[in-house]
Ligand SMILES: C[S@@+](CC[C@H](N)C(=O)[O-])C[C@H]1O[C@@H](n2cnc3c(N)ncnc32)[C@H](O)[C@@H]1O
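Next up is one chain by itself, shown in structure tokens, the form predicted alone.
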């Protein structure tokens, strides 16, 4: 089955959601807007997290459209006039068929060993002509471009490799983002296209805040001394640190 590595983090997830929103929302919104989302659309947001995408969609499809937002933990999601919040496990629970004009999932299938089956479930929840949009990381490219000293470079790479090992052990597919276009085609979707972007993340940026937040969530599992861990957090906040990001891969296809 695999387990979601960050699934029992409680309040400490807030910095991660904040960093993800700051880092990724603008790109997500632009991609979805290009599909023509508008008043009247019925949308499904899978793995709603902090709610930023669902809330944006709710504004775009108002007044006659509707957004259903799901997650296994819905504590940070808010019901609105045109938003339904659903506590839902996309692996084991049922979704309605032929129901949505848009289904969007960001950094969800990456974590799921049953990702191919879940993708087909998301496809089947689309109305004919509806769009499935996936945003996923390819976690393999991250490298250190600059750091205060050579020992700092080694430390950042040690943490990166430890985090990726933990994700792999939990059932994530580290290079899933690199093959989502092929996965959409294999699922029988049409008009499939995608993009791949690698950025430079400076210390203190949303990207480095995300790296720091995820490291905090699994602190007990990292093979670091307290001094090393503290130094890693300092480096993630230091503008002298520059890393190349994970590749942000996006793809969409029409049923």
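Note that the coordinates shown come from a computational prediction; the quantities given were computed from them, not determined experimentally. Numbering follows the first chain given and starts at 1.
Omitted from view is the form predicted in complex with the ligand, to which the following refers.
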Query raised in the report: Which pick from 156, 142, 112, 83 sits with a heavy atom within 4.5 Å of the ligand in the predicted bound form?
Result: 112
Query raised in the report: Quick one: of 89, 168, 116, 124, which gets a non-hydrogen atom within 4.5 angstroms of the ligand in the predicted bound form?
Result: 89
Query - Heavy atom distance at most 4.5 Å to the ligand in the predicted bound form, all of 207, 236 and 247 - result: no
Query raised in the report: Would residue 132 show up as a contact with the ligand in the predicted bound form if we use heavy atoms at 4.5 Å?
Result: no
Query raised in the report: in the predicted bound form, does residue 107 have a heavy atom within 4.5 Å of the ligand?
Result: yes
Query raised in the report: Taking heavy atoms and a 4.5 Å cut-off, does residue 20 contact the ligand in the predicted bound form?
Result: yes
Query raised in the report: Does the ligand get within 4.5 angstroms of any non-hydrogen atom of residue 49 in the predicted bound form?
Result: yes
Report summary line: Among 31-39, 197-205, 220-228, 65-73, the stretch whose residues bring a heavy atom within 4.5 Å of the ligand in the predicted bound form is 65-73
